[in-house]
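Here we start with a single chain on its own, the form predicted on its own, put down as structure tokens.
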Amino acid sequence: MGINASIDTAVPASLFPLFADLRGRAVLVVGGGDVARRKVAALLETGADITVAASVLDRGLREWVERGRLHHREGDFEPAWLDGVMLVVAASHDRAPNRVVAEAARTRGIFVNVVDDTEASTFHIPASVRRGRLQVAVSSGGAAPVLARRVREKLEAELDDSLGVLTELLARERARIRRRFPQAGKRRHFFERLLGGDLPRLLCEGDEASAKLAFECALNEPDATRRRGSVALVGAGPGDPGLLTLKALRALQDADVILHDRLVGPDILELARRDAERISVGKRVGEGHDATQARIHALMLQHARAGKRVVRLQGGDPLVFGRGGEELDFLRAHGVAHEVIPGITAAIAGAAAAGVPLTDRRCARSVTLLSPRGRTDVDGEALAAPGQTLAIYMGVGELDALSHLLIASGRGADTPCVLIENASLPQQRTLAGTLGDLPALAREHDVHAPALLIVGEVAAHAQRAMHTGRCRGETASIAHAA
């Protein structure tokens, strides 16, 4: 009980968040070094009438003074410099002079920020995210500035740049909106329908012409603002959530329904909107690929026609050895609004995880991506041509046949190879060997899908990565397994 009471009494009063209009207002920044320069740089964007006070200015501040962007007071601080000032920033490198400035400002009732001195400050400069006129500010009241910056970084990733365009549109049309909906309640419902409809998505896609039509329709026909459904074909990458693109992350957080493959892991699905419906559409036991694909098509159409935002989430990239092409044709044929958000494909992720360049001007000037599973028309002679790297998907069950085909077609049995299982994930394994020995190595280590095979001289880099400890996960080579 006593502990709780002491904690409660130590909690400071809440800060009042405030966005100040400083255009033409007098602002004083005391200090002439790099800290003061960073504060001045932020203030210059506000249109404030800035004076910097210091005996010596660093180069950046001097240039701004010479260009007339700010004024300079030379010498030691005097309280009279605060006359007519609205805001003060004490940004010298010495605590004692900063405290003198703070006390003088407090005496005059002027807001003051003292760099790295929470107790002496009467306002704090937050970490902020800007999208045009739209600003989001984050502050810990000076208690944990690094944490505030981390939160800002997350917001930077999540907030699309199109929000700035959307803000400008609403500002430009504000008078028309108020005339059309003079009652506050109806105006609020209009905004809810507008922002829940197609307009934000169209701006995000860069289709400003369609966005303008959507706005006019919403303004003039408020009953017609029901959101149109859409489908995004999204690449989930190799499995590591950190390798999702920002656009993929935003799509997941905006989705109503997520149709995901079996290999899309829970860590990625966890990033989606909490109330989004998640439907696994991976191939079921005993179900053919065509039946699975027909079900995916039916689900996309059903939910899109119900006005929902659908994310079709596939491992890697949806247009590389997926059925993204078939799905695009289906969506076009049925008039469903759609977009493709590419992901990092297995060839890129697996090579990076194994420390292998796919091309190297010394030995490999081309890359061939191949999925041999179930194929009988593989051109061995073309694949055996020198100076190229083979990145082979879904080939674990075909290793014996692949090895024999490539060697028979002219690839040397000593050609370096690397097999990457579960690329980018904590359980990743990297096995390096030669084309002739690869099948035995895979059996020895019981390799299972998903795994990527890289064949070519560049694969020798994997051995060097293993020896230097730069290869992620469990590693082995044919020499170790022998």
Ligand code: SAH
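Nothing here was measured: the structure is a model prediction, and the numbers come from that model. Position 1 is the first residue in the sequence shown; the rest follow in order.
Just so it is clear, the following notes concern the form predicted together with S-adenosyl-L-homocysteine (SAH), a form of the same protein that is not shown.
For the candidate set Leu233, Ala354, Ala346, Val89, a heavy atom within 4.5 Å of S-adenosyl-L-homocysteine (SAH) in the predicted bound form is found for exactly one residue, namely Ala346. Contact with S-adenosyl-L-homocysteine (SAH) in the predicted bound form, judged by any heavy atom within 4.5 Å, is made by just one of Ala143, Ala306, Leu147, Leu263: Leu263.
In the predicted bound form, no heavy atom of Gly229 sits within 4.5 Å of S-adenosyl-L-homocysteine (SAH). When S-adenosyl-L-homocysteine (SAH) is considered in the predicted bound form, Gly33 lies well away from it, no heavy atom lying within 4.5 Å. Remark: Asp317 counts among the residues lining S-adenosyl-L-homocysteine (SAH) in the predicted bound form, judged by a heavy atom distance of 4.5 Å or less. The closest non-hydrogen atom of Ala423 lies within 4.5 Å of S-adenosyl-L-homocysteine (SAH) in the predicted bound form. The stretch among 22-30, 62-70, 446-454, 44-52 whose residues place heavy atoms within 4.5 Å of S-adenosyl-L-homocysteine (SAH) in the predicted bound form is 446-454. Residues are counted as partner-facing when one of their heavy atoms sits within 4.5 Å of S-adenosyl-L-homocysteine (SAH) in the predicted bound form; in 320-343 these are Val320, Phe321, Gly322, in sequence order.
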